[in-house]
Ligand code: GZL
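Shown next as structure tokens: one chain only, the form predicted alone.
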Amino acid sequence: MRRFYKGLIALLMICMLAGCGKKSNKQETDKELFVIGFSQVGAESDWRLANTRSMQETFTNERGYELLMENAMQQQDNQFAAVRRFILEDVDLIVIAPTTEEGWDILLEEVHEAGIPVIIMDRSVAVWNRDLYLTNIGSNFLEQGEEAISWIETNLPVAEDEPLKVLHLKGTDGSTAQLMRTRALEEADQRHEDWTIVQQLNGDFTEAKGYEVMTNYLKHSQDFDVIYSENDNMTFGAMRALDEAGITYGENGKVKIVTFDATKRALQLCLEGKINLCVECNPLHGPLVEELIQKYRNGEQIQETVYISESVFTKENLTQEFIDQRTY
């Protein structure tokens, strides 16, 4: 009987050692992957969903990465919690698409002390120490706004007896896209004595909010010439409100529409003459983020700010073939 127990104990020890060996091999395999913690601001728009897909399709296990993504649901506190979890998990690099620019100093100090590099993506952060992150990749939002203003100046003549009335649909307050696109419009309004911003409505970059604020506004006033909408989803909501109010828009309509993002749906509406101008905000950041990560890993110099390539679209420079081939 003792021999039986001795044999059983030996067998259990062999199994335990074998199990430990397998766990060790798994840990070694995991270590081969470059682990990225990604704090995504939310899933509030078509643009954001395309941005997320770009990151997920780029940073796969097959390509040597492990992507840990957390959706902050547009709440900065959720981002803070996610980043602190990434620190505890000792990831190799953190990518943050911030909700707003302010409030990041303390958190980024914590990441810096942990020795983890950070890439700020899409929007920007306002921090006192620029060394707290590697680089900021995204769009030149001020230039986007200036492109839109240039089109309005060129294509929408002002009547002698009354100003050009602009209705402004703003994105999430404090976000870089909102701050810069708003700045471009407000600076243009100050330059042009014959322009006036009749109202600024906060649509929070969502279709539902865009529809809500536009519906409420139209109950009190329908006197405006242009909608300057800071993203496509707010534009879609506003268009639905205009339809319900019986107000025409677009190429042959009473109201002209300028929108930002240039998603596939917006470009289709632009080709159909329902939207006048689409200013592109390219969401496909994944490949460019990977390029910057590779430079970092190779010890190469990285620019402080990296802008992604973008265009401006009207009915005149769009084709159905181009829209059909678009990935977002």
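Residues carry their position along the shown sequence, with the first being 1. Please read all numbers here as calculations on a predicted model, not as lab measurements.
Here the subject shifts to the form predicted together with the named molecule, a form of this protein not shown in this document.
In the predicted bound form, at least one heavy atom of C281 sits within 4.5 Å of the named molecule. In the predicted bound form, the named molecule lies within 4.5 Å of some heavy atom of A177. The named molecule is not shown here, but in the predicted bound form it comes within 4.5 Å of a heavy atom of F205.
A residue is said to contact a partner when one of its heavy atoms sits within 4.5 Å of a partner heavy atom; N231 meets this definition for the named molecule in the predicted bound form.
You can rule out all but one of 83 to 91, 149 to 157, 120 to 128, 102 to 110: in the predicted bound form, only 120 to 128 has residues with a heavy atom within 4.5 Å of the named molecule. Scanning 127 to 158 for heavy atoms within 4.5 Å of the named molecule in the predicted bound form gives just one residue, F141.
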